[in-house]
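Structure 1 and structure 2, given next as structure tokens, are two forms of the same protein chain, each shown alone.
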Structure 1
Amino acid sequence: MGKMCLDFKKVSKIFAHFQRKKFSVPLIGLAAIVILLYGLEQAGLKIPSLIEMSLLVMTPLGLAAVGESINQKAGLINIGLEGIFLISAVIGVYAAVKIGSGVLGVLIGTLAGAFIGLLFAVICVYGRANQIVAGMGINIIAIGFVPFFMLTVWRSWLLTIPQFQISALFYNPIRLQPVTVLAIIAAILASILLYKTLFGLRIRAAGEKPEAVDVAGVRVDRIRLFTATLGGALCGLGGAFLALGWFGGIVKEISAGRGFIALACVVCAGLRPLRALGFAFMFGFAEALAVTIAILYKDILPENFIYMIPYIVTLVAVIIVGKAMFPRAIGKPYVRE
């Protein structure tokens, strides 16, 4: 066992060397994608379609990941993203149908997400609840609540409402959804917020050294309430987008595990919002490519293995970075002395 540890240290050094060189992960990723795209174009695949689909997949993942990045920076970890996706999607659809407006449906879905985020923060900050357990609780509630709600209200776990679908901004050269633009803006703003503002400094400090923030006269609890609510709202927007932006309708398992891929984006990106969005795009691209390959070039690689890509990439990322990426106080309730 000792020998293996030694070897591992050597490997870590090599990785550290790369990190010092400031190779930016997204930059490498982008370059890789460009090269890949060229190759795929040569192979006869349709690049605009691949990008369109990647953007669609990216949007909910990216929104949730950006929100969760801020949340985790402040010291709260919410693994209930999948549950928030599902609940906000169904609430969004319900609101859209009741009010008769897709846009308002998305808005209310976002508010539903924010509300769950806030509730989560209250439980964790004031109730000092275990965050992992509470997050899991959200997921399990959603597994039951969404079909229960749909069956009770609509007597069906599938609903189509194309009339309330948010329409695309434009169709050429590629189709672009307004919420996709929001996701990109959210990532940029989150990045500015975290790294260029005093408030961002406080958020990060609340995750690293909550005592110090407290001493400086800033309320850690309020920061965490804010970040969790914001995180929930962005995740809720992602969920509502699934039902009202991507589709004009909903099924009971509409997110199909995407909440966990969003979590993977956060971890891979080391809690940096822009990178999280980058990973969301990359995972979206992998998914789009997987489907295309499955149809046009069967038997290259079983689809089941392609679907594993986000999770394997995440494992590789955490193996390289180790535990260093998380703020020190993450997952721990902060109690004022």
Structure 2
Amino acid sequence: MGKMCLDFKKVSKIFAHFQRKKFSVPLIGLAAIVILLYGLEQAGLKIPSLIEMSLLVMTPLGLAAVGESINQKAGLINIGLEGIFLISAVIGVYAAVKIGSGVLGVLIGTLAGAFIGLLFAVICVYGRANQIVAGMGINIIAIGFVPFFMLTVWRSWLLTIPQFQISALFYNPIRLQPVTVLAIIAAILASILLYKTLFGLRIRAAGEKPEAVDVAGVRVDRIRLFTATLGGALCGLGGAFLALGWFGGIVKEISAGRGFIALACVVCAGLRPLRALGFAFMFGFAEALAVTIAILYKDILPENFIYMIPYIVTLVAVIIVGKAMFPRAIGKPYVRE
């Protein structure tokens, strides 16, 4: 027993050493994935297909996590990502069917997410509502709205529309989704915005010390309105992608908890967009691995238990590295004096 405690202390010291040296946890995780991929390849799994699906799952998670990272840096915390996923997905599909264009459907789904983000900001910034309660309100509204809307419009909780799936509209020799490329670009641009520009400094200051931003003549409310709208738009793009870029249709529970996994990406990444994208890939890999194992070994292993893998990985990641240093003014409405 004493030896086990000693070993645990050694592991803790090693992990603390990594933290002091500022090693990137996502990079360590990605290295572990590479080692795991080698082992899976030796076991006979098709690695290219596994990576392809990991990138597919990463896309909505990464988009939502990048947007929410910017939003939280400005001092707003929106836990309604799950609801935005659901609403933007169903609005995007409805628009695609009505207009006859998957691309326009994705665009309108993105605008729906932006509108929800803006509405959230107005309620919290000017109405001074509790941000956690407002975010939960988005989720609750979406849970009721989406099945009601689907039953009213299509008389069904399931709709398949492969003809409007945007992945079929682009020549793609490496099978990389166009929205996946946008997610990677968004993470890079968000990182540059936050840490390399004057406006990014103002965003971070709005979350840390909003009164200083106000004294400098910059409107804190407008910064927060912008970041919430941008975060909602990126999350809306992720939701529309779920239906029109991935599934080729929609069901009433299409988000399947991915909004909360995106929040876990934000926390684990310490509100850094590029790291958030890295964690999104890690969680995407966990889901892709679960699906692959469930298909290959469905007669041996319990299928429902295997599908729990990405959620278990999320919980473990939050427990181990979920120690984000949130801005001091996050969740607090700012009142001009």
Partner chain sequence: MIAKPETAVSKIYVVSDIGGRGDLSFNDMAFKGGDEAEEIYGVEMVELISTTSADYLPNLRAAARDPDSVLIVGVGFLLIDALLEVAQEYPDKNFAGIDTWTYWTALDAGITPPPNLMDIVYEEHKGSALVGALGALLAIHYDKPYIGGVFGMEIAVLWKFEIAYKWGAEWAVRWYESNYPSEYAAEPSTSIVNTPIDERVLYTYTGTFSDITKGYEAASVMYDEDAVVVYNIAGPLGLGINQAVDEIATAQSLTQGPPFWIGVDANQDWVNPGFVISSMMKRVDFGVTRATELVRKGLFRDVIEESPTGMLLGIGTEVAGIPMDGISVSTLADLDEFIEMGVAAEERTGESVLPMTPDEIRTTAAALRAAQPSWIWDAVAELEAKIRTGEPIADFDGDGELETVPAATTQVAVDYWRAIFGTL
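Not measured: the values here are computed from a predicted model. By rigid core we mean the largest C-alpha set that fits within 1.5 Å across both forms. For residue numbers, the reference is structure 1: its sequence is counted from 1.
Between the two chain copies, the one drawn from the form predicted together with its partner chain is structure 1.
Core-superposed comparison between the two structures: the Cα of Pro310 travels 2 Å or more. Core superposition places the Cα of Ala290 2.3 Å apart between the two structures.
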